[in-house]
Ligand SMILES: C[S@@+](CC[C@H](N)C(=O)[O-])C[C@H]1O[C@@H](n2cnc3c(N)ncnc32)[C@H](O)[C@@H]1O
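Shown below, as structure tokens, is a lone chain in the form predicted alone; questions about how it binds or moves come after it.
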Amino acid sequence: MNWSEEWNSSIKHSSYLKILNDKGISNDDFWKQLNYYDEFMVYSRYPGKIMDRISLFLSSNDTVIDIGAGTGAFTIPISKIVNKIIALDPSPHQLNILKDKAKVAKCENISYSENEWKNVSIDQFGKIDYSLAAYSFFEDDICSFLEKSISVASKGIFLVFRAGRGDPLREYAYDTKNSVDFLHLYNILSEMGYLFNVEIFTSDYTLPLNFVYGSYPYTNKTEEEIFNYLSNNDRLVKQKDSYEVLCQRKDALLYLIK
């Protein structure tokens, strides 16, 4: 199997890149519609124990780059450990949310770069000790993305991606199938000559049903169809006046310490 070719093909047909192409919208437009994102992070307790594990490697003298920082799930907690962190993301909407959160958290050691990783020079930010990429591998050439992430860091690299297929509700809502997970990244890295450590983290949680309805703004499925899907798969828990949805996320942390 050609792992990188399968990855590149699958990402185009099953990730949010497919939505951008089908709907003719920009990366920033996509994230503007997902105003639930930070609330979802709280419900799912992400990054939780993943962040705890990464923090064991970091020190107060380190500089970290967060590639695809989003609204700061990792950036904010890491900023409280290290000397400096660079939050890189192509979405100004996401970065503006991150900046507001950093102000509230009084994180003054974060610098921001509105850009895609492929357009950044590896010496643009000076010395980088650690690089981090979490669910941000959606570029045309995965090998180039990974090689750049590795070469920019002097001490280590952290990669976070799903372990398994992810939530099947997403596949149902968007009529796609997630065919790649962390094993593809692991095998691609192995073919590139890098042997990464892997740890799996599992979190069980519930979401309010109305929250789930709002989590798929680009779906063609009706709320009734989503309700029936969840009911048929035994994922609904009846509360007094509402329903909650049983969820599980499994994340893989791949890391290499130089």
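Being a predicted model, the structure only gives us computed values, none of them experimental. Heads up: residue numbers just count along the shown sequence, starting at 1.
There is another form of this protein, the form predicted together with the ligand, and it is not shown here; the text below is about that form.
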Proximity to the ligand in the model of the complex, single hit among 153, 146, 159, 88 (heavy atom within 4.5 Å): 88
4.5 angstroms heavy atom contact with the ligand in the model of the complex for residue 135: yes
Partner contact for residue 182 in the model of the complex: the ligand, 4.5 angstroms, heavy atom: no
Residue contact check: residue 27 to the ligand in the model of the complex, 4.5 Å heavy atom: yes
Heavy atom of residue 139 within 4.5 Å of the ligand in the model of the complex: yes
The ligand in the model of the complex: contacting segment from 102 to 110, 162 to 170, 68 to 76, 122 to 130, heavy atom within 4.5 Å: 68 to 76
Contacts with the ligand in the model of the complex, stretch 178 to 205 (heavy atom within 4.5 Å): none
